[in-house]
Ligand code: ADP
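A lone chain, given as structure tokens: the form predicted alone.
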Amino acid sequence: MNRLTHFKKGLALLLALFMVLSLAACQPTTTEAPAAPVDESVDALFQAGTYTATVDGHNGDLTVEVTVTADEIVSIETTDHKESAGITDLVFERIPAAILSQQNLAVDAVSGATVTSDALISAIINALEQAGADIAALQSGAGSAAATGEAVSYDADVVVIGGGGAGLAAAVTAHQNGASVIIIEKMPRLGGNTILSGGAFNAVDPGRQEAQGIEDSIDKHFQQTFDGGDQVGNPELVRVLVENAYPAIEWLESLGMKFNDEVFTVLGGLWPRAHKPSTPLGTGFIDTYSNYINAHDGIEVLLDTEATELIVENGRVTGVIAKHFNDDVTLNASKGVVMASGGFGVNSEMRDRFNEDWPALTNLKSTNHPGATGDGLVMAEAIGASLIGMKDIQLLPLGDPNSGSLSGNIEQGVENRIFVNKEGNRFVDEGARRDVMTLALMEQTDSYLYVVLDSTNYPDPETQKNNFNETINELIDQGRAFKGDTLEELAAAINVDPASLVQAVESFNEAVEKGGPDEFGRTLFDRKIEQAPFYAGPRVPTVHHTMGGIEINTLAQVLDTDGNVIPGFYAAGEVTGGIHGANRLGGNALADIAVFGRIAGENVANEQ
């Protein structure tokens, strides 16, 4: 190839490049500005990340972990807590789920677990504050749509109002007798007062008692129950209770429930015949019934469903009107309705209206769950049912000073502990009736006592638990119990006179040696208080049980004000009256609800 050829090719390439550049120059030009840095804080709801917060719960520290993006709450995890299992489970399910679903903090506490609910919400707020959230805006719930309800109807052979121990016993028994059953419970969980109880169940039990050298009889149980209620109770109902208490234990065991091998004396029980479940609190009863319900068709539970009215047709109770959130619910019962809605222990207005025997109860706390408001009594009275014994309200001397609840009580049994007042002195027979002990406590400084016992009750303070599933070390850490390596150290810890406390324990120990009765008339003793370390727990009066209620006969049929049976209407548990009289023995309530729950369930199923 010669130089001329190279020159021509080079010229052609230059011309082509010139044309391309010329064409490009004729096109309009655009210039893209560099991307500005994104300021996520302008519209972001949160600073993305995971945040942890710890607050005080009902039983100790409660810790949550909250994860957020710039505009969304992604997850809420409770990583640690000491709240009561079963009682508070729904708190940790419902509240996080509601917040995640709504993406705001406009959520309600779970009924029956307000303290834990408030603690959980507080911890979540704390974590979101760390993320830079506008808490006020989140709490306003702006943008949440108002829910609308609908009319819903259910049909069954039997409808039971109340998902506590009595209602569940009735429901299971009715189902075992061939009936289809619907249980309605206004709270978000089953359990009522039963699940909060210490679990003590009185029954004459020769097998367990004879092995412990305890003499007992059904007649003794009858007489103690009848006399312990000032002979006000219906003796026919008392007889049914004591004769059917142990068969109810056997029935529960047949359903899978387990009780400890030894019986004990519960506070105000007067005799060692109380059976303690092998699981904490009253969870064993509720778990046993729930397991049966879950394993069988034809028995259904409706939670968050509040009965408001009984349906009566031609003088017969045929169903219930209820509310489920915004829904209007009608429940038709072809065979009948069992009322098992509990007493009115937390209804201060009703307590004040019926109270005749106690100082003002208006400001007193209660051991009861929040649903014990007397609704069933109002509904029953509206259709002519007879209410009896309404003035008979039981107080306990052993309420938690802050909550009024049973929890935190350090005693393991009656025989091995004493009560002292703020001066360090004993003041009552600690094995007496509950009303006797409470009245004596009300005469002490600030109506305040300390339960005092020794380490034989807690041989391993890290694992040995009280009747409410709490170890003594947990209670000490929470400031709910106190410890001393000597009685003088314990006196200093609880700020009582050491000489008085030492004298109180020494006089008790002398009575143990002699066998009593001691100066207060106490006869129930077992061991001396002498093994260090020593423990004390503060307690106050609290409303515990309402003995009055709907009048029933031995078949658990409801009676009207003329003494006639109201067809299709049965009742069981604390909503009834006439069994315990003016004072209930400790340990008799759980026997009552099982015995009469079973009777109501059997008879409504068979239309007796």
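The structure displayed is predicted, hence computed values, not measured ones. Residue positions are given as counts along the sequence shown, with the first one as 1.
The same protein has a further form, the form predicted together with the named molecule, not shown here; the description that follows concerns it.
Residue in contact with the named molecule in the model of the complex (any heavy atom within 4.5 Å), chosen from 424, 284, 371, 389: 371. Checking 375, 205, 83, 454 against the named molecule in the model of the complex, a heavy atom within 4.5 Å turns up for just one residue: 375. Contact with the named molecule in the model of the complex, defined as any heavy atom within 4.5 Å, is confined among 129-137, 158-166, 330-338, 488-496 to 158-166. At a distance threshold of 4.5 angstroms between non-hydrogen atoms, residue 506 is out of contact with the named molecule in the model of the complex. Contact annotation: residue 240 falls outside 4.5 Å of the named molecule in the model of the complex, judged by heavy atom distances. Of the heavy atoms in residue 549, none are within 4.5 Å of the named molecule in the model of the complex.
Contact annotation: residue 263 falls outside 4.5 Å of the named molecule in the model of the complex, judged by heavy atom distances.
Shown without its partner, the chain has 305, 306, 307 in segment 294-308 as residues with a non-hydrogen atom within 4.5 angstroms of the named molecule in the model of the complex.
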